[in-house]
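In the form predicted alone, a lone chain appears below as structure tokens.
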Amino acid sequence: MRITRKEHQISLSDINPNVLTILTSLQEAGHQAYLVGGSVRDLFLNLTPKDYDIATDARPEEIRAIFRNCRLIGKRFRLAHIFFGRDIFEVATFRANHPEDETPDARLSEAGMLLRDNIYGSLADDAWRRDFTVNALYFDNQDLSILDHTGGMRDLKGQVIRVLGDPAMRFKEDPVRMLRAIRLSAKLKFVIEEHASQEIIHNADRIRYASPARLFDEIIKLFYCGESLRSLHLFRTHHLFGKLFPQSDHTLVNHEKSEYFWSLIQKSCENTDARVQQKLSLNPAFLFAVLLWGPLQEKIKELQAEGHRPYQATQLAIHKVIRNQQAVINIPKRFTTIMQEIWNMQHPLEKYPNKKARSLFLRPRFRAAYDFLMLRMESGDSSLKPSVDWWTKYQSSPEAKLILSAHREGIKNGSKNVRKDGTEE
């Protein structure tokens, strides 16, 4: 089905000029080329696309021959990345679905996951290889029409997330599709079609077959989509939260303070959504520090009961909780290091008045640790209010302003050491 320009509001002025350059160059070289996927979906809904994907009948090597600023990547899916300064645009060749025994270019793992899928086909073939109907729309920049082979426009108007093909098989091929369905449902406020929703629940355990590194990326997208609170609830009701965060799920079900820990996670999601709307920076370390705070407290209490001193119990618990989580989701070390700093600063920040205020205030993660302390208070731990109030006042005090100013000047001049009065040592 072809949706004409009169039936939608997408115009060329809505699209990144570099994307139009790529489309035009491919077409002038004699190839079909279309804007496809989430960008078409978002443009139709008057949303700003985060990225643009292009589909073409040109093979990867033919794409590289047309664009000097092109690099081919991927083994599982052979793709072309075209560079315009810091911007990268992905171009993929139309793909088809073939049985594994017909060609060596498509291969499944023993668990049924697609390991390689370089089977080329037509535009119609490509549409049916996509994950959801609302992501299988193709925009033609030449006549400004939208091509729909799968009923995507119907589901877009009906606000439904529908899996293309048999949901059980598609989730078996790539378990990460379950997370994408939830993210799309939350972000767009669409309903996941009932059969697909039930298959996510039935196949939730298969998420363990996905790469831990991929899962980290998908979790960040899920919680940073601007609707993390909605994502969180869908995540839990579809039984995926417990599969990816087994320690956290155990705490939320069994711990005496489960309501408090759940409130902490929900409050963090609300703050995250607010920051996304305000286009403020976000650090994954803070997200994981919140998600694993409950298990950490549970493990500390357990180790202390075994006879470990408080500091030793805390350090052992941090190591164990992070190690256990890494077995499921590969959190990069640069983030686990920050998580540890945030956690380790909580006890010192709970003290007030604080004789070590100056050294704590100058630590790189002070602000994150302070925000974490405040989040704990706002989530129901009223005992932290005096500490939060003291640190809030301290940050705006003349002493803190002097110390911070001198510290910045010291760094600028090559010295990181300043006296208590703000002068250099």
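Residues carry their position along the shown sequence, with the first being 1. Bear in mind that the values here come from a model prediction, so they are computed numbers and not experimental data.
Unshown form predicted in complex with a small molecule; subsequent notes refer to it.
Taking a 4.5 Å heavy atom cutoff to the small molecule in the predicted complex, the contact residue among Asp273, Asp174, Asp249, Glu298 is Asp174. Asn135 is the sole member of Gln346, Thr336, Gln325, Asn135 with a non-hydrogen atom within 4.5 Å of the small molecule in the predicted complex. None of the heavy atoms of Pro60 is located within 4.5 Å of the small molecule in the predicted complex. For the chain shown alone, Asp42 is a contact residue for the small molecule in the predicted complex, at least one non-hydrogen atom being within 4.5 angstroms. The closest non-hydrogen atom of Lys50 lies within 4.5 Å of the small molecule in the predicted complex.
The shortest heavy atom separation between Lys267 and the small molecule in the predicted complex exceeds 4.5 Å.
Residue heavy atoms within 4.5 Å of the small molecule in the predicted complex occur in exactly one stretch of 378-386, 361-369, 30-38, 393-401, and that stretch is 30-38.
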